[in-house]
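In structure tokens, the next block holds one chain alone, the form predicted alone.
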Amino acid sequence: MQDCIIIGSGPAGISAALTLWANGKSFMLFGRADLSDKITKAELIRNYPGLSLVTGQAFCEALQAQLSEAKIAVTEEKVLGVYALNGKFGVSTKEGGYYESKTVILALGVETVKTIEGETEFLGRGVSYCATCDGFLYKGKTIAVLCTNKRYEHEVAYLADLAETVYLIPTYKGVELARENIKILRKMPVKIEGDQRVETLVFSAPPAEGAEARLKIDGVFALRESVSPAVLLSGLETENGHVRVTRDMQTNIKGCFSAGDCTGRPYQYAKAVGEGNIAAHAVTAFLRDGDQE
């Protein structure tokens, strides 16, 4: 049982982790060891106080060094679900892990690819976020796979070994998969339709030469960097795709806090770091005073 689980290893998550470490709290930090593509790909960071014209790569290396000095490890498991239990939270991962904590900080960042209409409604009824978890259900069937990063191509290949046909919808260039049963589509769908389960993927126009605007499918896999907050934690209040928080970064769910880009604009490092710090202090106060509320 941890005091807190932080989901996200960007500036907000790192700031929260360092503050909880300074406050002597037990916690786990979930994310990527290389922290964030958005940071490393930044040519220059011009508006972070105390750092003048630092490159994204140098900023990322400085954050990694600070985590190393504090002996804070990043748990590289992809979180698929957060569950508000009786006075605690459960966190499940794609790798089969399950962890519990007294509080949670969501520092998820923002996805450049939005959820598709119908995606949330059909979750568990033909929509999945985990190839290895649910791929066996689609042996010999037709599926669509929305993939946002080349690093997930091994999961697409795994699905292609099972399914009869895979419609791959990549949001990046340089797809390296070449299978007879993988058909690449370069247009994003607008809606998922069906009765009890997923039946049709709808496009605003035919997604490829010879294709139709409505594809008959048995399932949809969305392989993204992260799961949207409202899907990750049932009952979480969002507004325009962002988590609703108070000034001390509390969400509508007791013991759950949020920080960084996922709480809204501006999408800037200084804002994310400040919110991560506030969220960690709020967690510390909650752990101290929560039983008296």
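In this text, all values refer to a predicted model and were calculated from it rather than measured experimentally. Heads up: residue numbers just count along the shown sequence, starting at 1.
Keep in mind that the form predicted together with another copy of the chain is missing from the display, and what follows is about it.
For the marked spot (Asn47, Glu69 and Val245), a heavy atom within 4.5 Å of another copy of the chain in the predicted complex is present in each of the three residues. In the predicted complex, at least one heavy atom of Ser52 sits within 4.5 Å of a heavy atom of another copy of the chain. In the predicted complex, at least one heavy atom of Ser15 sits within 4.5 Å of another copy of the chain.
Residue contact check for Lys25: none of its heavy atoms lie within 4.5 Å of another copy of the chain in the predicted complex. Under a 4.5 angstroms non-hydrogen atom cutoff, another copy of the chain in the predicted complex lacks Thr251 among its neighbouring residues. Along 260-282, a non-hydrogen atom within 4.5 Å of another copy of the chain in the predicted complex is carried by Thr263, Pro266, Gln268, Ala270, Lys271, Val273, Gly274, Glu275, Asn277, Ile278, His281, in order along the sequence.
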